[in-house]
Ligand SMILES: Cc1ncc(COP(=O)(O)O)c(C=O)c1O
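Only one chain is included here, represented as structure tokens and corresponding to the form predicted on its own.
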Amino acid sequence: MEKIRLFDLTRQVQTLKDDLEEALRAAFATGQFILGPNVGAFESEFSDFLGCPYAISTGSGTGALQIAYQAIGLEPGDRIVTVPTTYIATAMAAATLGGIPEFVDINPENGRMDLNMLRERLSNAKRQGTLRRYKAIVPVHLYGFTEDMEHILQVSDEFGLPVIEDACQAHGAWMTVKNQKVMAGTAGKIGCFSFYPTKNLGAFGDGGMVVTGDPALAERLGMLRNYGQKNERHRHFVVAGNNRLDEIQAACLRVKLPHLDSFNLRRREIAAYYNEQFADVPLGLPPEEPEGTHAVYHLYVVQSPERDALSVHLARQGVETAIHYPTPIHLQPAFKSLGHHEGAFPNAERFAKRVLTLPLYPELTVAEAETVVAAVKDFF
């Protein structure tokens, strides 16, 4: 029995093999491997793709989040507000700078940030005179679905806090804000992307990007990713580390970027097929896309109280699955010092106990998708 993998990255490589090899040969020929022509060109092309004036590449998605936090002035003891239902990097990037991730629960109906809890948390801080310690609201466009940026930006304006979008799983997703189509990552002050290999736009290693419409922030972000330098070597204007995307990754990403829309379309087609086939199956399906939004299905995540048994059954049928993510961030050992215990964010905790990711990537065949469906239905 041939195994159906959660991701098969070799297929996309084969599809783009000739173009990738040509791009790599050209990159090798330049002899420039750090902040060379491919990095600059990719930043410009990604900026054009999003319709955002400034794009600054980084060594990873975590690195993108980290310099975004630095750019807005996060200092030890300062807080960012996010959700516990995300990859740990959202919080870890702040914590490594001495920042404190503060969580609000998710809405059980759609998995989005609970905006009532967000407003209540910030209102309490304002009354207590501690709002000055809060530096950013950090919504997460999880699994390729967009957050409710229209209302998050209203909260941002109300409390004077910038929004940093974690768009690491949402390349090409969009939503409507003030009756305008807005790409994920471009609605807030700064947007952060990851090019980890399994992402909708994936490199052959780590890589990331920060985007902004603010020229002063763009200049600062550029310095923060490269030892505090601007355009002149050996003149360092801020204390910063090395957080650069390399030329090889940029060359590969430039090959893939023109195909991103078609890759995302295929993801949506597979997701639509799954949704149709699972309509009468006792599974919690991905949330419906609100009007005026466009999801890109980085992951296809279902929910079931029988999650573990279903996963075992699918494995026996040759279908690989995963859990994104099994432990909410507030219950991770790394954040024990925050003092959270089970029950602190019940919706996020219930979500983590029920979620299961099924195979979905652009090169998944019709026959494989049918096998996944048959195996799930067989369980029930």
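Note that residue numbering follows the sequence shown and begins at 1. Treat the numbers as computed from the prediction; the structure is a model and nothing was measured.
Note that the form predicted together with the ligand isn't included here; everything after this is about it.
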Partner-free chain; cross-checking the ligand in the predicted complex, the single residue of N243, T212, T86, N200 with a heavy atom within 4.5 Å is T86
Could you spot which one of Y134, Y196, F159, F278 gets a heavy atom to within 4.5 Å of the ligand in the predicted complex?
Y196
Indicate whether the ligand has at least one heavy atom within 4.5 Å of a heavy atom of E147 in the predicted complex.
no
I'd like to know whether V140 contacts the ligand in the predicted complex, with contact meaning heavy atoms within 4.5 angstroms.
yes
Taking 4.5 angstroms as the cut-off for heavy atoms, does C168 touch the ligand in the predicted complex?
yes
Can you check whether L65 is within 4.5 Å of the ligand in the predicted complex, heavy atom basis?
yes
Using a 4.5 Å heavy atom cut-off, which of 261-269, 173-181, 106-114, 86-94 contacts the ligand in the predicted complex?
86-94
